[in-house]
Structure formats: C-alpha cells, structure tokens
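Single chain ahead, by itself, as structure tokens, in the form predicted alone.
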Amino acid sequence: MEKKKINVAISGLNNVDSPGPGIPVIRALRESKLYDVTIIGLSYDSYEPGLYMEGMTDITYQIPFPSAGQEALLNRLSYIQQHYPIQVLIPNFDAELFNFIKLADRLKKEMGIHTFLPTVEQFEERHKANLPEWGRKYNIAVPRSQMIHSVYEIANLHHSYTYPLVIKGKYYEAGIAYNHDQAVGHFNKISAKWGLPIIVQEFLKGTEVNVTAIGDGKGNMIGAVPMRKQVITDKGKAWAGITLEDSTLLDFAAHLFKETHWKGPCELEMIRTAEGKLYIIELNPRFPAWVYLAVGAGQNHPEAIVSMALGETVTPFTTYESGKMFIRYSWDLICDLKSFEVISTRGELKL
C-alpha cells in the first residue's frame, strides 16, 4: 500500500533530562506504515535539541510562548501555513494546550489544520487542582488534595493531612515533604518556577504505574500500553521502564475513557497500593515522553492520532508486547553555531 504524503507539525522538542514528547512522537511517525510524513517542528527555545537532530524535523519554526496569547499563535501559524502547509498539528506541552484547544475550530476552518484534542471542559476539569471533584464525578479513585496560594497556608495543613505530603506545581514538578520545613522548601522552589497555585496531595504508599493511552472522544479507548518505571530521575521522570501485562490497569483505563469520553492522547499516572487498589494521581493531557515504548510494543499511538485528526476510522489496538523495555540515554549533539544563529534571528531553520 502506498503511503499517504502528509505534513505534520510537532511541538515539544526539548529532549533533555526532563524531555518533551516531541522527539518520540516524531520517531513514531517516521515509522508509520500509513503516512510518508514531512515533520514541521514548532519550538519555543533555540536550545531545544530537537532543532538540530538529523532526521527528525524537516524544518522548524519558532512560535510565541503561550503567554503571548491565541492571536499571536494564530498569526504565526498563518505565516507557517503559507510556506509549509500543515495538515495535522500535535501539540505536546501542557502549558500550550489551552491555546491550541481554543483555536482548534479556527485552525481547521481557516487554515485546514486538523487536530485531535480534548475539549476545554475535559482539559480544565482534570487539572491537578480539580482532581478530587473530577474523581467524584466519574467514580474514579484519586488521592485527597487541595490548592494553596501562600506559603503560610502550609502551617494549617496538619489539621487535614499527615506527613509525608506531595507538593506539586500546577503544570510540572513535584516533591515529597516529610515535615513542614520540606513542604515550605518545595513550595518556594516549585512556585518560583511554575507559579501559583501549588497543589498539596495526600501521599499514598504503593507502586507507581503509568499508562499511555488514546481515546476517540466517544467513550472508547483506541489504544493503551501500561508501563512501570525502572529507573527514575531526581525530577521523577522515567529513565527506564518496562511494559506490563496487566488487565487490571487496562480495565481501569477503559473505565476512565468510558466515563469521561476523553478525546486524544493522555498519560495516566497511578499508584497501586499494597491492597491492590488503583488511584490516579495525574491525567496528563498529551503524549508522555516515553510514548515510543508503545510503538516498540506494537501500538503506534501518534499514527492513530493523525488518522483520527483527519476523520479516518481507526480500529482499536487489542494487543501489545509485555516485557518490552526502554532505556533513555544522553548524547552530545554537535552542531554549527550558524544553525543556532539562524533559528535565533530568523525564527526558522532547515537543516
């Protein structure tokens, strides 16, 4: 079967110690059996390694930071569209998703750019700060948590919680606090980087398990691959992991999709207690950085998202290989200063 030629725009090219999902998504699409892809990279920073990696992006454009607003993003995409027409766009950062979701209809109608993203309501209600209410609404077990906006609120936490506690940023990063002083330290560090509010979450003792999955927005789970972290960085990111054969995790994920009608990719971060009960601690509304493991296990989720974005029927994945491992590694990428100067001054780069 001849592959369909298609231009796909991908963000999340910061392949560092806390990597974005962009590079694994690109690798997945490069291996697509359905599409011959031209990859248009979307970057925010001239130091994102994905800009300079041979064989990844065909061309990369810088786009405005999410704080610049939707009109600035729309104008930049309009410019890109005149030079490299995008058929499908897959955003991969939490902080940028709201703008892309709000613009999804305009992108399709005005520019012919297709996306497959959750609704605004789905995106907002699964925020870490809203997780307890979300869990009650959909009958999904979640740990107790609350938002705090001031470091002084930490002193009163002992009325409702016992240490240790998990202190989380609204987008990224978390730390475990075993006493008041550690909680204050985590609050100051995370809020300085990601802003307020900070989420305080009950600490659950157990085994962390993760699932990368995609939903069709109608209550069906199109694909899911569970993974257990084998090596974890100081930022809590998986540096190595292994796929699991676990029907309980798949049933849990299927229930979540049936109840929430989640649309698009997501990562489910869960804790399994000693009693075997599963709690969801986060629902990340995009592909995880380890999504290429799903491809290696037999489920090409990015390829499926491209198909669904184009309105094509996708047959749900029913199998995957357990016991498949990934191990992340560091690589010194040598590139010319000229390339850095071009992306920094012109806002676009073609290797």
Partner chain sequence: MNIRNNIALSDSGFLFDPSTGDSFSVNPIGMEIIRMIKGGKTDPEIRQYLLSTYQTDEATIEKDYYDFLKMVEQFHLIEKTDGKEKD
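If you're wondering where the values come from, they're calculated on a predicted model, not measured in any experiment. Positions refer to the first chain, counted from 1.
Another form exists, predicted together with the partner chain; not displayed. Remarks below refer to it.
Asker: When the partner chain is placed as it is in the model of the complex, which of 98 to 106, 79 to 87, 262 to 270, 228 to 236 ends up with heavy atoms within 4.5 Å of it?
Answerer: Every other range fails; the passing one is 228 to 236.
Asker: Test of understanding: in the model of the complex, would residue 69 fall inside 4.5 Å of the partner chain by heavy atoms?
Answerer: Output for residue 69 is no: heavy atoms all beyond 4.5 Å of the partner chain.
Asker: Though only this chain appears here, would residue 251 touch the partner chain in the model of the complex if you measure heavy atom gaps against 4.5 Å?
Answerer: Judged by the heavy-atom cut-off of 4.5 Å, residue 251 is well away from the partner chain in the model of the complex.
Asker: Evaluate residue 244 for contact with the partner chain in the model of the complex, applying a 4.5 angstroms cut-off between non-hydrogen atoms, and reply yes or no.
Answerer: Because a heavy atom of residue 244 falls inside 4.5 Å of the partner chain in the model of the complex, the answer is yes.
Asker: Is it the case that residue 323, even though its partner is missing from this view, gets within 4.5 Å of the partner chain in the model of the complex, heavy atoms only?
Answerer: Residue 323: yes, in contact with the partner chain in the model of the complex.
Asker: Residue by residue through 290 to 319, tell me which have a non-hydrogen atom within 4.5 angstroms of the partner chain in the model of the complex.
Answerer: Stretch hits: zero.
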